[in-house]
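Each of two forms of one protein chain follows alone as structure tokens, named structure 1 and structure 2.
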Structure 1
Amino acid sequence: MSKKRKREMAAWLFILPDFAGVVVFYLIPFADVVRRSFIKAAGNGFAGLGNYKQVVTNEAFKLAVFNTLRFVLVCLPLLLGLSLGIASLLQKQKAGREIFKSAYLAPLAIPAASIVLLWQLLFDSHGMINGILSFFHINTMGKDWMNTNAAFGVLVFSYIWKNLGYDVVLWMAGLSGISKNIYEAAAVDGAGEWKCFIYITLPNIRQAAFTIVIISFLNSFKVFREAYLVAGSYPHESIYLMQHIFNNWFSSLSVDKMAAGSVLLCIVVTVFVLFLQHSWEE
């Protein structure tokens, strides 16, 4: 056996046990879902694209897609901008930096279940938010935040609150990679802080931005936990997300719709990741 072959063998011995698990628990089952997406729910006949058609024309599905898209499009820029701003401020702040970081990261450790009660007390029609607003003589007319269009805003807030620290740390890692000399040279040439930010910082963190966008996108799916625990399986229609419809199909055993929906979602996520990767690597 050549030396190269031997090293390849060693690599596979390390990888194989884990890879086997991935195949058994994720890959084979996923292949099965792809198969089922083409099969009729009753009677095992070949359905062609029938299931997909059924899913795409489903009203609840359309609503969920719309809400999820809206959520991602509102949240991602907001979170990325805010966390980048805080990271650049924190980069300059030496005293107490660790304490600030701990505070920003704290929400990561708080289980969704512990938050539910707090959200109820805050956003109920007799909750503290309305209490504070009425203190300032703003008439809320007993608004129950989770049962109006404001539920969307609450969800956006939950997501930003939960992920801010994570993204701040990510940005700071990217920022610390930029050499200080560049900034000093620019300062000598008379560039102000804004100019430095736009012409030095932004171009230099493009690489980090790729992963940060991906991770934030990924985490945006996790906001479902809060939505589900606070509002249950059928929340206000402004926060009826993809995950809700999947869950509800799952409980009603609509395997055909669920399979087709999974494949569609998988395609969208993969395309999004590849697109980002491509646009950043050029």
Structure 2
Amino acid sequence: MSKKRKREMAAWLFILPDFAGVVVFYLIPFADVVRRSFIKAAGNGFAGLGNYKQVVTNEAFKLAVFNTLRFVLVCLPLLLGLSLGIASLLQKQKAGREIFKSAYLAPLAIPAASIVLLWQLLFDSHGMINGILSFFHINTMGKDWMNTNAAFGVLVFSYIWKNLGYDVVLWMAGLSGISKNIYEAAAVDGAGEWKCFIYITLPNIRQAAFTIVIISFLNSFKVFREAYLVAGSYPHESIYLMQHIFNNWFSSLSVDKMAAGSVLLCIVVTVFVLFLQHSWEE
């Protein structure tokens, strides 16, 4: 056996355990989910596209899709813009940079249950927000903020606060790969900071941006934990997300609808990722 062949065999042997884990714990279970999406929950008869029709015509599913889409469209631009701006400022600031990075990463170390407790202290009908407003003679009449339209804003703030530091560090990693000589040459030619940012910074962090956008998009689905812990399975309709309806279908053992909904969600996420990948490659 040649040396090249031996190296290829060694490479496959290293990859095999991880690949086997992906197949056993991800691909095979997902294949079973796809199979179940075409089977009736009662009787195990073939349902065709019936389960998918039930899902797309379900009013709760439509509400969850709308809220999830609105949440992503609001949060992603805010998070990406804020984190890139802060990262650009920190990249120029040498003194105390590590302290700031640690401070921004601190929210990641805080458990979701602790965040929920803070929400309850602030936004409960007897919480601090109402107490502060009452101090300034603003009567909110014991308003429970998490059961109003304000709950969506709280959820958006929580997501950005939780993920801002992580994105800042990722942006800084991308920015650190840009040679300072390029900026110095541009400054000699009379380019200002804004032009340097548009024509030098953005093109050179294109690859890093793809990874950060995908990670931020996937992290937006994890905000369900906070919403569920603070408001339960049926929160205010403004924060009723996709994860809520999947959790409720799981509780009621609606395996057929849950499987069909999961396949639809997987298709949407896959199309979104492929679209971004195609856009980045152009």
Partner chain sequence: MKQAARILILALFAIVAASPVIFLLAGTFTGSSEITGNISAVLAKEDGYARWNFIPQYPTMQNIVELLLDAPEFFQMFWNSIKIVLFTIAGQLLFGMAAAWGMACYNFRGKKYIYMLYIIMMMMPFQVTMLSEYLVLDKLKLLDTSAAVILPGIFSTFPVFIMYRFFCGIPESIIEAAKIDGASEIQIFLRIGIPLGSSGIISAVVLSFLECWNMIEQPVTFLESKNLWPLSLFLPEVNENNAGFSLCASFAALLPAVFVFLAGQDYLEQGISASASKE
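Rigid core (definition): largest C-alpha set, two forms, superposition within 1.5 Å. For residue numbers, the reference is structure 1: its sequence is counted from 1. Since this is a predicted model, take the numbers as computed values, not measurements.
A.B. asks: Report the structure number, 1 or 2, for the form predicted on its own.
C.D. replies: The chain shown as structure 2 is the form predicted on its own.
A.B. asks: Verify the C-alpha shift of residue 177 between structures 1 and 2: is it 2 Å or more after superposing the core?
C.D. replies: No; residue 177 is a residue whose C-alpha shifts by less than 2 Å between structures 1 and 2 when the cores are overlaid.
A.B. asks: Once both forms sit on the same rigid core, is the C-alpha displacement of residue 267 at or above 2 Å between structures 1 and 2?
C.D. replies: No.
A.B. asks: After the core is overlaid between structures 1 and 2, has the C-alpha of residue 81 moved by 2 angstroms or more?
C.D. replies: Residue 81: C-alpha displaced by less than 2 Å between structures 1 and 2.
A.B. asks: If the rigid core is lined up, how many Å does the C-alpha atom of residue 9 shift between structures 1 and 2?
C.D. replies: Superposing on the rigid core gives a C-alpha shift of 3.2 Å for residue 9.
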